[in-house]
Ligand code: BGC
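Next comes just one chain, in structure tokens: the form predicted alone.
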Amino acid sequence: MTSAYDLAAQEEKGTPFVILAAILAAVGGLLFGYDTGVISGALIFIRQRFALTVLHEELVVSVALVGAACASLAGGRLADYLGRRATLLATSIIFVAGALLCALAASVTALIAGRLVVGVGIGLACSAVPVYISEISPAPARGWMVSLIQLAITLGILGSYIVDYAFSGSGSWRLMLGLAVVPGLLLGLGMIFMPETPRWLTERGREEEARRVLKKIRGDANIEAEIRDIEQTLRLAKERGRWADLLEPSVRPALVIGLGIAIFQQVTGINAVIYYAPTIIQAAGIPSASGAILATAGIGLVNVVMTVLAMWLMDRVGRRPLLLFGTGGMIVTLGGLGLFFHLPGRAGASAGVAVFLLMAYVASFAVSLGPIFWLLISEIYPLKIRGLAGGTAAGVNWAFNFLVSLTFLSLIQAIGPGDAFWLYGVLAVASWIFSYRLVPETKGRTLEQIEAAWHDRLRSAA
């Protein structure tokens, strides 16, 4: 299917309104980052308050991921049924409730319950935010706009590290966890004033409303051409997607790519670093809690800077070159971290080497697997199953996030941090090979063109 967009529409980079809508939706990513990052510093003081065992520590960290995985699987269907905007409004309420439960927890059980609720909010955000932004973005700007999610995640992580450091002197872990209420309210209040996506409205037979939204988010672009493209796509997808549709021959390659990148984003160790960075840094030779948290904040700053760079490069260089380059950097830095922890007599100044390698590892992730996973799952699936397939990929991503976070402390106890990082490095090699062989380039192509390409590939193979 050839797009009907004219050159003016192709050159459209997004009106101020659509940019504002994308930024507000990306606050869901900010909450994701804050609630996943804040536990790394708070855990030091929660461990002391409740005398946690290693298993309890892993549960406090990872139980949020159980909620996230389950909500991601349901969130795709919810986003298709209620709409992307309504799902984001529900997400804000859940985030606020979870933050309050964590801040007021009087026992480990109550804290774990609060973290589970927070995880549900994270999972819904992961399902709805990428789809919402991709469906309101013009094709030439979709890469950097969807990458706002990853930028927001990294800003949330950095913000959580700064909050952890600010309260590390007093050990006020309740304030660390409770401050997530602020962005939670911001997301809800912001989305009240934002529109539903034109693709979802058209699918529901609300064409006039879809036209009004397109006038707001496209400015002077040819909105009738976009409406025709959307309607043509809807004619190819006559009924709502079902689970069985994920296995259709024209969808299967996209499903494999989405699930594969979802798994590799996690099993290459990023959230072991995000959740346990202060613990890793203390093991490397910086014993004080405040010093370890401050070094962790430096890692968070690198994450933000490199994510901004990735956003700038995404629609210029393309998805594939960034993915392959960044994954290669992860392989090198994970190998270096494994070597560092195998060296005898680590102490004092040598800890700076580990911090540098952690920064380089996070920088490599931030230009590759970090933003490109979320971008790809918002681009490569047909409209009929976009919410369902995106939610499935996000659910698998969170399931493997849970696996990594639940096993990291036990893993380093069993085989040591050096071998653990080498294991992640081997998986990074597998990720590079997978990406090189299977991941397509989607830069500059409309969602309708990407969908048509899967059908064309199937016809060519027949």
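When you see a residue number, it is the position in the sequence shown, counting from 1. Since the structure is predicted, the reported quantities are computational estimates derived from the model, not experimental observations.
What comes next is about the form predicted together with the ligand, which does not appear here.
Note on the partner interface in the predicted complex: the residue among Asn397, Ser431, Ser405, Ser40 having a heavy atom within 4.5 angstroms of the ligand is Asn397. Of the candidates Trp173, Trp200, Trp374, Tyr361, Trp374 is the one whose heavy atoms come within 4.5 Å of the ligand in the predicted complex; the others do not. The candidate spot formed by Phe32, Ile270 and Phe365 is fully in contact with the ligand in the predicted complex: every one of the three has a heavy atom within 4.5 Å. In the predicted complex, the ligand lies within 4.5 Å of some heavy atom of Gly370.
Heavy atoms of Ile274 reach within 4.5 Å of the ligand in the predicted complex, making it an interface residue.
Contact check for Ser127: no non-hydrogen atom falls within 4.5 Å of the ligand in the predicted complex. Although the partner is absent here, Cys102 lies well away from the ligand in the predicted complex, with no heavy atom inside 4.5 Å. Residues placing heavy atoms within 4.5 Å of the ligand in the predicted complex fall in a single listed stretch, namely 152 to 160, out of 310 to 318, 152 to 160, 253 to 261, 69 to 77. The single residue of 279 to 303 lying near the ligand in the predicted complex is Asn303, the criterion being any heavy atom within 4.5 Å.
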